[in-house]
Each structure stands twice: as structure tokens, then as C-alpha cells.
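This document starts with one chain, in the form predicted alone, laid out as C-alpha cells.
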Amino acid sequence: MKETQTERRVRVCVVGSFMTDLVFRVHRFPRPGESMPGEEFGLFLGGKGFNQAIACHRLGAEVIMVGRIGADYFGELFLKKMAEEGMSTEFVWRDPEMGTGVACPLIDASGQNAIIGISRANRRIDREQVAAAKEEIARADVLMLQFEIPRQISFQAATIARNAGKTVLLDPAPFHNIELPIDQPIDYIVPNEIEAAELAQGDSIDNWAIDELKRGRQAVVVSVGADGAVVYDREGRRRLPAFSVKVVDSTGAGDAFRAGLAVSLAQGKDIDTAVRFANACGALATTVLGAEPSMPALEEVESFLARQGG
């Protein structure tokens, strides 16, 4: 008997990045030329692609991650973590020449962060690697993309998914890797407010989002941190408020938000329900230090939402 959407785990494919985060907690961000003592250090696994993949997995989805790491210690850490989580590493290739990506997030006393990243092996993911994963991309209910890998690789994957009639969700970050306009087959564009302003190129975010809907997007969802998220779709514009929590570290919160959105959409939820679930995922992620450790499990999110009244 053919399985139904409610009888199986939804499938999410993430084509994206692996970044090792060297995290420094500081009272405030240093000024140019200033040396100052830090308060805490941690080494965490991250990268927008990896964060979103592991978050979707913890939210109950069947996840395939397509990406590239180095043949180094940091790469081993990623493979070990994915094995511990019970995730497939079939399409995680090891580059013999370039090391695993690294990033240095600085987190101030308010929980806000500033990040320096070096892509390294992430820039070497190629068309051959995406082609090898073609069947998995086509099987997925949702394909998740970002711009920490070469954009032409992301768009190759988007074309595969669209040709298979599947949903494509784009996190257009970091902005400096974007080539405008985004003409590729994307159903949902999910920037933060800074990226949305950049994408608008001097116009208002509202006008830019409306133009994107005219280009055939299902929706534009702009995450606005403590103010929640703004949804643009055929029904108009509306803001769904964030949940109030004590912020420890905002690193990875956006990835948790996008994972929650992707899983909910894969389950057939309406956009407002999906964004509310995503807001809960993002809020919970800010309560834990580090990116990967902060990606919440489904049980945590459901319990949190129950406490919020549904």
C-alpha cells in the first residue's frame, strides 16, 4: 500500500556547508585595533547547511545532507556527530586538498553575535557531487539551500528539485555570495531583515517581497529576530510575533527557524502555522550556547508550544 504524508517521515535534502565554529564569549565586541580579554571559549560544529540538516533531523525528518568537508580533524568531528545522530553521510565528501570550513563567532553579553568565516572545502563542492545525489534531491519533500557554497551548485540542485515537482526553500545568506536577480526556481525565500534590505537594493522590503511573489514565489518570509517573522504571500503581509525567552547565544537561531519552517511545510502545514512552529524553534535555539547543541528536538518544541498555549 502506498504510504501517505502522515504515515511516513517527511524527507528534507540540504545541499550546504560545514563550518567548525570557534566561539568566543565577550562582554562587548572589540573596537578596531583593540586587544581585550574574552570570557569563555567553545568549539562547536556548525555551518548553515549542517545546522539546518541536523535541526530537521531532530524535528523528525528523514534528512540527506550533501556537502564537503576536509580530510582533517574537524571533518572527523562532523562525521562522528552525524553517525551519533543516525544521519546518512553518503553524500558528505572529503576533499583531499582543502580543509573543513571554519568560523569565529563573537558573542556579546546580550547574546548577539558577529561572525568571521572561511569556507575552505565548502567552496569545492561541485556539479559531480550534486549529480551523484540527484535521486535523493528528487525524492525529498523540501530542498534547503543557502549561499555558503557556490551559488551555481545550489541552483543546480534547485533545478533538479523543481523538475521533480518538489519544494525549494532558499536562505539567501551570506548576501555577498548572491547574484541578483535570483531567477532560479525557488518557492520560498527566507532572509533575515538585513539580507532582505540588501536584496531590495534601495527599495522597500515590502516592494521587493511583492515583486518576488510576482516572480512566482509561494511566499517570502523575513525573520526579524526578537520581533518574530514577517510573511508575504498571496494573502498579503503579516507579522507573526516571536516567543520571549532568555537569550544565551543567538548563533544558529536562524538555522533552527528555517529548519522548523521547512519541516512544517513538508508536512503540508499552512504558512502561518509553519512560521509559528519555526519561531518556537528559533527561540529555543537562543537558550543554548553553540550552534549544533542548540538545535532543538521535536519534543522540546512541542512542549514549549504547549506551554505557550498551543
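Note that the coordinates shown come from a computational prediction; the quantities given were computed from them, not determined experimentally. One rule holds for the numbers: they count along the sequence shown, beginning at 1.
Beyond what is shown, the protein has a form predicted in complex with alpha-D-ribofuranose (RIB); the following relates to that form.
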**Fill in**
Within 4.5 Å of alpha-D-ribofuranose (RIB) in the predicted complex by heavy atoms, the stretch out of 41 to 49, 24 to 32, 66 to 74, 277 to 285 is 41 to 49
**Residue among A133, I205, I153, A103 with a heavy atom within 4.5 Å of alpha-D-ribofuranose (RIB) in the predicted complex** = A103
**Asked** Is the gap between A291 and alpha-D-ribofuranose (RIB) in the predicted complex 4.5 Å or less for some heavy atom pair?
**Response** yes
**Request:** Although alpha-D-ribofuranose (RIB) is absent from this view, report whether I115 comes within 4.5 Å of it in the predicted complex, heavy atoms only.
**Result:** yes
**Prompt:** Is there any non-hydrogen atom of C13 lying within 4.5 Å of alpha-D-ribofuranose (RIB) in the predicted complex?
**Reply:** no
**Item:** Heavy atom contacts to alpha-D-ribofuranose (RIB) in the predicted complex at 4.5 Å, residues of 242 to 256 in sequence order
**Value:** T251, G252, D255
